[in-house]
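Let's start with one chain on its own, the form predicted on its own, as structure tokens.
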């Protein structure tokens, strides 16, 4: 025990040595508590902004894309499973979620500066907004889709022969991803003139 104390004593003295006003031990403990409070506040804010209620709290989303979502199978279906805004637009893994939240901060600027604050402005920007989202989904191999729709779990015998053939050909080989063919699955498509189809 004495040998352990001899080994720990220099560290203990450093921790107890006063800085100008407080000991190093107090500063470390205070930093630890502050870190926990910051993390708790940050995580609470992150989760609060990751809800359908938050997403539809501005009229741009509520009056445009949310009304479209309500007409799709992702909102109302026989099984009662509902996909909310963050299910499709925010990755579930923490690091991917943080990266997406940083990207989404641009959308806040759009809100502040009124980029899509009327139906007409929204329709004018719709193709650009959709193409950004499609590119994001293409780049991450439709990660948010695959959080619920897993190729390995698909029962191809319960799909139409065309759907089964396409899924087997493109998803199984990973040559294409969900968004290549399923643009407009939850929202109305913009004018697709000049946009390559899946």
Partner chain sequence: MSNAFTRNRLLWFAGGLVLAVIVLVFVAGWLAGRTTARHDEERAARAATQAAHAPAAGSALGRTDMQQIDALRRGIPVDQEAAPMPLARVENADRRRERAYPMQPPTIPHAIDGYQVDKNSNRCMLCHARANAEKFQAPPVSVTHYMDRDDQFLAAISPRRYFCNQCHVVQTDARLLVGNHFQTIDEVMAAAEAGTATAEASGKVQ
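Numbering follows the first chain given and starts at 1. Treat the numbers as computed from the prediction; the structure is a model and nothing was measured.
Beyond the structure shown, there is the form predicted together with the partner chain, which is absent from this document and is the topic of what follows.
- Though the partner chain is absent from this view, in the model of the complex it lies within 4.5 Å of a heavy atom of just one residue from 57, 49, 67, 165, which is 165.
- In the model of the complex, the partner chain lies farther than 4.5 Å from every heavy atom of residue 15.
- Contact check for residue 189: a non-hydrogen atom falls within 4.5 Å of the partner chain in the model of the complex.
- Using a 4.5 Å cutoff between non-hydrogen atoms, residue 170 counts as a contact of the partner chain in the model of the complex.
- Mapping the unseen interface onto this chain, residue 181 counts among the residues with a heavy atom inside 4.5 Å of the partner chain in the model of the complex.
- Stretch-level contact analysis of 128 to 136, 153 to 161, 38 to 46, 23 to 31 against the partner chain in the model of the complex, using heavy atoms and a 4.5 Å limit, identifies 153 to 161.
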